[in-house]
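In structure tokens, one chain follows: the form predicted on its own.
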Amino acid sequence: MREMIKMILVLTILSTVSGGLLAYVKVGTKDRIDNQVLQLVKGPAIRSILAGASNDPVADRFTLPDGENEIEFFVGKFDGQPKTVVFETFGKGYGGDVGLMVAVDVTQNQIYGVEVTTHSETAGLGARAKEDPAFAAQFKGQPLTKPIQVSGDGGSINALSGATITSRAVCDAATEATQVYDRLKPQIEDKLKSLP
């Protein structure tokens, strides 16, 4: 019995120390990881969507609360005026979540462009959502007033051949973006007015 108590005590101490070290490492590296994701994943997608912007949209950003979450918005200026906001939403794909950067044209109330950032989709099938510019181009000009769907579901987006689930995930993420924008539109407009 004494040996068992000793083993339990040793395991408890080891577990506590290990858990504390993992928490310390997570907190200590969070800012560096966030910066790497911004520079290597989100940044290239944002700059690709907003090619021709007169500012650095990755540098011009703000966050707004949305329920329990905080959403980071990146501002694209054209001719010195803020015209677009870009933010990330997610849809459920075949292999997991599909991250989508969505640019909203605030002057026209429509989608300015989209680009897939992260996914776990099948190579050669669903992965084409990130690689195929013709697929992403279909989202440009989509209105914010109705759900964005693939043509098989009554929408106007042609699904990728052999990757309908991934195509639906991208459409769901774009639809989620229109809903987020609609909810936060007054706060977004206030932030845009206060930008230099």
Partner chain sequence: MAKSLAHEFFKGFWEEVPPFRLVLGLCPVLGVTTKIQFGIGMGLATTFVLVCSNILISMLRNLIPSKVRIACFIIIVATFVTVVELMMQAFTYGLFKQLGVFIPLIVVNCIVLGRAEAFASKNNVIMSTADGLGIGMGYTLALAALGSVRELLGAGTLTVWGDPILNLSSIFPGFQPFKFMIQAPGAFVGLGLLLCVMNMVGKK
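Note that this is a predicted model, so its numbers are computed, not measured. Positions refer to the first chain, counted from 1.
The discussion below concerns the form predicted together with its partner chain, not included here.
The chain is drawn here without its partner chain; in the model of the complex, the stretch among 38-46, 124-132, 141-149, 162-170 whose residues come within 4.5 Å of it by any heavy atom is 38-46. For residue 29, a non-hydrogen atom is located within 4.5 Å of its partner chain in the model of the complex, even though that partner is not displayed.
In the model of the complex, its partner chain sits within 4.5 Å of a heavy atom of residue 6.
When contacts are judged by a 4.5 Å heavy atom cut-off, residue 59 does not count as touching its partner chain in the model of the complex. Looking at residue 137, you'd find every heavy atom of it more than 4.5 angstroms from its partner chain in the model of the complex. Contacts between stretch 1-22 and its partner chain, counted in the model of the complex as any heavy atom lying within 4.5 Å, involve 3, 6, 7, 10, 11, 14, 15, 18, 21, 22, listed in sequence order.
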